[in-house]
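For reference, the chain that follows is the form predicted on its own, supplied as structure tokens.
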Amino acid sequence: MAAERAKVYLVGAGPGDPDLLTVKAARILAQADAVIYDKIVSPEVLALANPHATFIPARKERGQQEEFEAEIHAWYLRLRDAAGPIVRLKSGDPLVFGRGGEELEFLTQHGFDVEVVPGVSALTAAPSLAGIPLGGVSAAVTVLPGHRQAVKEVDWPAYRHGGTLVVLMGVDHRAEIARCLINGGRPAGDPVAFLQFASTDRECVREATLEQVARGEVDVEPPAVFVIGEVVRLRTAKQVQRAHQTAAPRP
């Protein structure tokens, strides 16, 4: 009778703050025999893993995604007889873009026992922490991937009539995305916000207009969530209100 294979957990690491990790994710990390982790997973989250585990960084360089995804698949095959749980630790939620679905399919096809442990996605966490209520202005919120292949395939004119857009993994191609939206009929003056390093001590919000982004005038460091639409102005209004309250003299 064949030995039982180790179980693989596709675990969401959340946006960065270890306090936003789910209880289940923390428990599984503490028991892990091996951890394959994305490079943008915060050190604070990695510190919760079993210190005796094998730690394997998942390389994800631009333009070489296929090659590095094959490396991850090869690691799964090497670790299939591990003594304890194998954790694939992905930033945010493991199945919100980021090719987690491909890894799930690979593991299933190769007979692994696999379980998905959802995580807090930057899709919702970053706007919330920045004071941007995604449903605050528009009844529709559209989430788009921002990697190069997606930029080529998206029907940008379909998003010319308002509505809130949230672009994930779009920092590197932000100027091209902005140009595509403007050329497709989106107002050049639409407000945008880049929400960088959400939930960490490096958290930063950069506000601009779509036109400024298209001209390459906005410097942004990944990881960041790219929000486009009138909903961004709600944050500005809240910031101004907060500033007035702070400046008000005490009775």
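The first residue of the sequence shown is number 1, and the count goes up from there. Since we're looking at a predicted model, the values are computed, not measured.
Separately, the form predicted in complex with a small molecule exists; it is not shown, and the next lines address it.
Peer 1: From the candidate stretches 156-164, 85-93, 175-183, 68-76, select the single one in contact with the small molecule in the predicted bound form, where contact means a heavy atom within 4.5 Å.
Peer 2: Looking at the other structure, the answer is 85-93.
Peer 1: Evaluate G229 for contact with the small molecule in the predicted bound form, applying a 4.5 angstroms cut-off between non-hydrogen atoms, and reply yes or no.
Peer 2: Judged by the heavy-atom cut-off of 4.5 Å, G229 is well away from the small molecule in the predicted bound form.
Peer 1: Answer with yes or no whether L104 is in contact with the small molecule in the predicted bound form, where contact means some heavy atom within 4.5 Å.
Peer 2: The answer is no: L104 has no heavy atom within 4.5 Å of the small molecule.
Peer 1: Is the gap between L123 and the small molecule in the predicted bound form 4.5 Å or less for some heavy atom pair?
Peer 2: Although the small molecule is absent here, L123 would touch it in the predicted bound form, with heavy atoms inside 4.5 Å.
Peer 1: So in the predicted bound form, does any heavy atom of V35 sit within 4.5 Å of the small molecule?
Peer 2: Judged by the heavy-atom cut-off of 4.5 Å, V35 is well away from the small molecule in the predicted bound form.
Peer 1: Under a 4.5 angstroms heavy atom criterion, identify the one residue in V220, A58, I40, L46 near the small molecule in the predicted bound form.
Peer 2: Only one option qualifies, and that one is I40.
Peer 1: Among M169, A130, V151, V117, which has at least one heavy atom within 4.5 Å of the small molecule in the predicted bound form?
Peer 2: After the contact test, the surviving option is M169.
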